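We begin with a single chain expressed as structure tokens, specifically the form predicted alone.
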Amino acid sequence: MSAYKTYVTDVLIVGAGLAGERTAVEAAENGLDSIILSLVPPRRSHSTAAQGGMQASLGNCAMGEGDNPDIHFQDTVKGSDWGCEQDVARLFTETVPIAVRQMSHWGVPWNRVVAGKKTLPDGRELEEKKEKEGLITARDFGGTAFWRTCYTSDGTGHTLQYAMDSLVLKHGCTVHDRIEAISLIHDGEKCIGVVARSLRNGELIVYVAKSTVIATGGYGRLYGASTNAVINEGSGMFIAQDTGIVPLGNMEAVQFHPTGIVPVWILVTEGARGDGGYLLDKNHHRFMPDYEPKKKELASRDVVSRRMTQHIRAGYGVESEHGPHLWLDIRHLGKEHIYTNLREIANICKNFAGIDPANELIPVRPTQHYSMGGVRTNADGHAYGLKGLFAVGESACWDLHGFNRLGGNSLAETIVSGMVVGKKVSEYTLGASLEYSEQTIKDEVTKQENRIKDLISGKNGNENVYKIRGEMEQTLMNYVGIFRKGEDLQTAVDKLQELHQRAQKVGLQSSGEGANPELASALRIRGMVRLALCISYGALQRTESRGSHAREDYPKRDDENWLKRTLAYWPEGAELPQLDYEPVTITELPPGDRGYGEHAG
């Protein structure tokens, strides 16, 4: 075994997006040292791409008047289709107004209330009060009773991430970028840290810590068409599951965002519809009021995505070489509004689609966007199964979102979970000792070195990692999409099991030496196919429709049998995930009608 570098710290955070950095700041404020590992420089994290905003019931703007955490809680639970943990939703909605104001204090330039009268695109008139002028304002988002999505034009993730990263620098937190965690080190009871690989030179590095926090974001790139950045491959989830001890929660809950630009799949923020944009079909007919007369374009994301898909299926899609799509129309909002409040969208449309949305329609289609599932944790963010292992943000199933996340609740979750879980991580770490067996670390490093040697030598076979990946992406796209049915899901499971077998036999076409991207992909592929199997197999077993999980052969929500969360384990040598279930905690709001999305199938 070759020598390897070892770093020792109090708190190790894998992922430098908003959730990871907010956790590091909380640890620093409790006097703890931390090291943050990141695939990319922190300001290139996927959090930076978030556009629309962050939900918080401040009630400052005219259309937010009367809002409070109770109503935000109700919206979140209804949005989740009663799949979330209500104690977590309550904690979240009570904390998020504090978090938004704190981010303002730390330098986020939130859009503010401007006093005076204005006319909305739908003709409604409103008047912002003089006494509220200068307070943090909000825009309309789907599935909410009031306007509560705080924003900085349509670059909210960007401003939050830059402010947070400045704070990380101020607190002296250590960041190691272009480093990828490839396995967790544990003794069966406690997490000790990670074995990581340098993306600069291929070296293996050991990080040892009293507590380890997974903050690696979502798994969007398992799907062929996703709004996610190329780094979102679910790595934190599968290295946790690879322990055989830590389960993933609700992996079948996959969110499709209604408005991905065809064919580049970059997101158009929900803020475009919140600000008054319309969805049009091939006849330029605004069809959403036909399906959802009350919420129109601003029903929850799962509902709007299904309505759009239904409408395309009914023959109203615009035919194109990339398949049928619909139109998003924001022209009536006017150039000034678009180039100010939706300027990122204007730039994206110009740069990636060659259109000016102030004058032209935007081609859109529902696109994979968000993972409600992730590393299952308790309300403190502690992962099931291993002491000293935590998860935050999109990589975690905390479980705030249940089976459908409301727009604006994910940016809010990154900051709030970083605050709340960061505090619990700090408490745990301050009471923990750094005891571990050197042999446990050596064994894990040897295991990873052998994996790499076997890939380079072709010992296990010569399967091409990119072919396997392409087939996995297409399988999920074809069979595990917005609408699902048993036979399709079974097809997906069968195909993915075959790919899982092939993933054990990958060999490299290249040398595998140094900063080799093929080797990096080969190290990930087995874990990625396992995540795809957790999604597909969990969806096959869940014989109901709930939130984003829409079974055409089981179109109704079944609270009697399915008011429970899926837990997916992967025991050593298994060919399928082992599924277990736990009840959903109902503390305040019993299951009822969501108030939108009836018969959306």
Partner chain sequence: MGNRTLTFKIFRYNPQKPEVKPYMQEYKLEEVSGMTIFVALNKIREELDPSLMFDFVCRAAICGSCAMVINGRPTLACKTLTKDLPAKISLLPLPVFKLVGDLAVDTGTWFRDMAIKTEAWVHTTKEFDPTALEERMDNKTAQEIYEPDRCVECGCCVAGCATANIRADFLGAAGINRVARFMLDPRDERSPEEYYEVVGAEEGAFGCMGLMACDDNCPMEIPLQTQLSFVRRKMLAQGLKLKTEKVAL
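Positions refer to the first chain, counted from 1. Fair warning: this is a prediction, and the values are worked out from it, not measured in the lab.
Below, we refer to the form predicted in complex with its partner chain, which is not included among the displayed structures.
Candidate site formed by 110, 158 and 321: every one of these residues places a non-hydrogen atom within 4.5 angstroms of its partner chain in the predicted complex.
Contact annotation for residue 132: at least one heavy atom lies within 4.5 Å of its partner chain in the predicted complex.
Of the heavy atoms in residue 312, none are within 4.5 Å of its partner chain in the predicted complex. Its partner chain is not drawn, but in the predicted complex it has a heavy atom within 4.5 Å of residue 513. Of the heavy atoms in residue 101, some are within 4.5 Å of its partner chain in the predicted complex. Scanning 463, 329, 488, 518 against its partner chain in the predicted complex with a 4.5 Å heavy atom cut-off leaves one residue, 518. 170 is the sole member of 447, 505, 170, 118 with a non-hydrogen atom lying within 4.5 angstroms of its partner chain in the predicted complex. Checking 67 to 75, 358 to 366, 394 to 402, 170 to 178 against its partner chain in the predicted complex, the stretch whose residues place heavy atoms within 4.5 Å of it is 170 to 178.
If you take 349 to 387 and check each residue for a heavy atom within 4.5 Å of its partner chain in the predicted complex, you get 350, 351, 352, in sequence order.
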